[in-house]
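As structure tokens, one chain now follows by itself in the form predicted alone.
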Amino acid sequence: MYKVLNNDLIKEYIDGTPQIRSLLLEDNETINKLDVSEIGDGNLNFVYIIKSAKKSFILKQAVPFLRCVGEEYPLSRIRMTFEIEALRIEKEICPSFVPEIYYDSKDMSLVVMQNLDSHKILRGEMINRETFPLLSKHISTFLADTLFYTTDFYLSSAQKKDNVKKFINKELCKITEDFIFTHPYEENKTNEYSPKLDMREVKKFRESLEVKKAVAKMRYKFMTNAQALLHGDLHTGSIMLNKDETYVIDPEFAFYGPIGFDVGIYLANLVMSYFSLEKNENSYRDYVRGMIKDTWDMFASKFKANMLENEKKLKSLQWNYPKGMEHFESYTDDYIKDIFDDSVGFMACEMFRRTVGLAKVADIADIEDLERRARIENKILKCASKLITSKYSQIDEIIDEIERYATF
């Protein structure tokens, strides 16, 4: 039977669950030996770190409401089922970049997993101006592989459709539809603004025909284009890492959607980090700019390689003729260009919502100089408006655009 756990109830639950107890305690040890502390700071769930002399792990439990609001905002616990299923699929595809799962219970809406105690959250590390030479290589591989190996290119038609059905994540998709694609573009009580933000800029993009049409297009793609299994919330707060290892966590928003969404959301968070930098931080600007370029370039190269390698193995009749692979490669280039276009559009939507919507990024929201913060946010709104209403052919053009708005 389901019940919401707390520090004391967790010990009782572990004591009565042999699969977990054996991970932490020797046969003769008592449950009082455990140290339990609540560490979650997310919007949805409760997260605990549990330690014994033998081992430590993370226990994450979904509650039947939105944690950051409270019981007045009911939310189904099934989101934990989606997270568990997504973690298992991602772990199978990219074992080096997904934490170990030790135990899960759909009845209790919880998962017990590896404690990444030698890793830190990427967002905080970027705020501290830390660098990670392997990050772009790791994340581009995670994106290229998890997104490719859950598409119709790799899965059978029946398996893909079964997966789409399995990941009908209605409630969390609705949160995304509302908080990324709807509320920021209207006068909505959930929106939050920094005190010095120029509301004329907000009004300008909200009443722009081209912006509104472009955002509506991206919203429609998000809702209807079931290309691959997405992480669904891949930002710099969903990545834990050190100099050698990178882990992607928290796929509770997982569902089948457009590939460019995961790519664009991640890139947007790098872009906002870039905007947050001081004028004299040129070396870190170069680093972040390089991350944006490298992530896209390596993702596109790896995704294309996956497509070509898979087709060579399949030898499908559709492309099995003298110039078939040459033609398939041309099709692959077109497909990746469509992903690029979508990524830019979703990037812009994320930049809008992180500026005027409910959820912020600490890179900018924690800037104490409110005048400076407002200047940055106004630049982000202008840049996002330009990105979503223009056409680009390569990542270098995006970087040039970002740099122009970040420094004017």
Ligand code: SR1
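Computed from a prediction, not measured in an experiment: that's the story for all the values here. From 1 onward, residues are counted along the sequence shown.
One more form of this protein exists, namely the form predicted in complex with the named molecule; it is left out here, but the text below deals with it.
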item	value
Heavy atom within 4.5 Å of the named molecule in the model of the complex - the one residue of L34, I367, L66, I58 that qualifies	L66
One residue of F303, Y256, F205, F253 in contact with the named molecule, assessed in the model of the complex (non-hydrogen atom, 4.5 angstroms)	F253
Site test, L44, I175 and R353 vs the named molecule in the model of the complex, non-hydrogen atom cutoff 4.5 Å	yes
Distance check, L358 to the named molecule in the model of the complex, heavy atom within 4.5 Å	yes
R79: touches the named molecule in the model of the complex, heavy atom cutoff 4.5 angstroms	no
H138 within 4.5 Å of the named molecule in the model of the complex, heavy atoms	no
Heavy atom of D233 within 4.5 Å of the named molecule in the model of the complex	yes
Stretch in contact in the model of the complex with the named molecule, which is absent here, among 323-331, 233-241, 212-220, 160-168 (heavy atoms within 4.5 Å)	233-241
